[in-house]
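Take a look at this single chain in C-alpha cells; it is the form predicted on its own.
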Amino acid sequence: MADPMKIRAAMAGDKVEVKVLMSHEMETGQRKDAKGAVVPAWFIQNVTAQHNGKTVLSAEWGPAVSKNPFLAFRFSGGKPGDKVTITWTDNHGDTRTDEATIS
C-alpha cells in the first residue's frame, strides 16, 4: 500500500484550489538496474477527484509522469467544510484513495 497523499483544498476566491502530492515510484519500464535488467513499468494510470460524490477531475497518465507526482487544479461549486476525494489506480491494479476538507 502506498503512503497517504498530501492534499490541501482551500477557497481561492469563488473557486476551490486543490493541491495533491502523491507518493509513487512511477517507473517507465525503460530504466535498467545495476545488473542491467530492465526495471518493469509501474506508474499511475488513472486519477479521479470528486467533490460531494461528483467527479470534478478525471485524468489518464502514462509512464512519462515523474516520481511522487504533484497535481494542482481548481473547480467551482465548493464551500468550506466540503470534502474532496482523490483516487489513483496504477498499472499493477493498486489503488489509493484519500480525502481532504476544504478550508
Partner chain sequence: MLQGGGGAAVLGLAMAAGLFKPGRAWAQGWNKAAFEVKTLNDAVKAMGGAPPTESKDITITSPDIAENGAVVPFTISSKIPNTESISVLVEKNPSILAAKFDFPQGTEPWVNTRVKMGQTSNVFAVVKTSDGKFYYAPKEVKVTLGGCGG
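Residue numbers count along the first chain shown, from 1. No experiment lies behind these values; they were computed from the predicted model shown.
In what follows, reference is made to the form predicted in complex with the partner chain, a form of this protein that is not presented.
Q: How about K83 - does it come within 4.5 Å of the partner chain in the predicted bound form, if we only consider non-hydrogen atoms?
A: Contact with the partner chain, no.
Q: Heavy atoms within 4.5 Å of the partner chain in the predicted bound form: does V38 have any?
A: Taking the distances in the predicted bound form, the answer for V38 is no, it never comes within 4.5 Å of the partner chain.
Q: Using the partner position in the predicted bound form, report whether H92 sits within 4.5 Å of the partner chain, counting heavy atoms only.
A: The answer is yes: H92 has a heavy atom within 4.5 Å of the partner chain.
Q: Is S23 part of the interface with the partner chain in the predicted bound form - any heavy atom within 4.5 Å?
A: Answer no; every heavy atom of S23 is more than 4.5 Å from the partner chain in the predicted bound form.
Q: Within 66-103, which residues have a heavy atom closer than or equal to 4.5 Å from the partner chain in the predicted bound form?
A: Sequence-ordered list: S66, K67, F70, L71, A72, F73, R74, F75, S76, T87, T89, D90, N91, H92, G93, T95, T97.
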